[in-house]
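A single chain, nothing else alongside it, follows as structure tokens in the form predicted alone.
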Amino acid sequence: MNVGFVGLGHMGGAIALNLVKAGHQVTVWNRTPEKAAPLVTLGARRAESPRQAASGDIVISMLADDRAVEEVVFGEKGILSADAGAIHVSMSTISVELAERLAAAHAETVSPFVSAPVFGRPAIAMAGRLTILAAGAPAALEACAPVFSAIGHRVFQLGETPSAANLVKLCGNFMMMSAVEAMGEAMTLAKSRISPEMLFDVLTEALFPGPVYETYSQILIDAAYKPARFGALLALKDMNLMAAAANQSRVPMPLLGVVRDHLLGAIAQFGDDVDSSAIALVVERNAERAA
């Protein structure tokens, strides 16, 4: 397929690379042009604008936040200004509100819109093992199948309302950060009597098997808070989006407030480049101050 790709950060670059390796004709655009160079060397074409990247069958955007998506989609040479009718697949973690705006804007054009945020870190993206949360018109989802199969190992189809996929993504990130919060609290309590290694060996074996607990328990054991794998700033952005969705639906989420406060504390104490898992270190230091 002729696939455009907009946004070549750690996640986007890995996804675009797998599309090239799968034999798709890939056209790439990034705000910082030099990030496209390795992909161009491997056979991708360089676009001069998001509009040019949207000249094929599908255009995928993978960007950091709502503002970046708005600029790339609604800008003068943005995706919506293209007339090719390419399916726009948004893989960014964005607000439910923006997903609804994007769906409405695309409905006024010939370009279908699919929300397809993903679960997985850059290493998982590089391995082509992402979990894809996809929502949109059935025909558009079917057309995206060859692309999804090149980058992920599982696709959850979540209906025809694109914003549903974005809400599930935010819920997943909230639950992941809540798990890290719980692990940090348990580790801080138990460390006077048992090593973190033994604690998490028992808990991940007996009660909580799975990638979140296994991955983050090792990060906490190693105190591997830098360099960031999933940065605290990005996690805070996602928790703020979750709070906005909760406010809109009038759903109280007290645990969300705790996680947000500890992310703010981690950023304030350890810098913008700290990993989101450093909320466990905030818990530990709070306990030391209280002692």
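As the structure is a prediction and not an experimental result, all values here were calculated from the model. The numbering used is simple: start at 1 and walk along the sequence shown.
There is another form of the same protein, the form predicted together with a small molecule; it is not shown, and what comes next is about it.
Just one of 146, 159, 122, 211 comes within 4.5 Å of the small molecule in the predicted bound form, counting any heavy atom, and that one is 122. Taking a 4.5 Å heavy atom cutoff to the small molecule in the predicted bound form, the contact residue among 45, 229, 260, 51 is 229. Heavy atoms of residue 27 never reach within 4.5 Å of the small molecule in the predicted bound form, leaving it off the interface. Using a 4.5 angstroms threshold between heavy atoms, residue 234 counts as touching the small molecule in the predicted bound form.
In the predicted bound form, the small molecule sits beyond 4.5 Å of every heavy atom of residue 249. Within this chain, residue 62 lines the site of the small molecule in the predicted bound form, having a heavy atom no more than 4.5 Å away. For the three residues 90, 112 and 141, a heavy atom within 4.5 Å of the small molecule turns up in the predicted bound form in no case. Stretch 32-40 is the answer when you ask which of 51-59, 32-40, 260-268, 219-227 has residues with heavy atoms within 4.5 Å of the small molecule in the predicted bound form.
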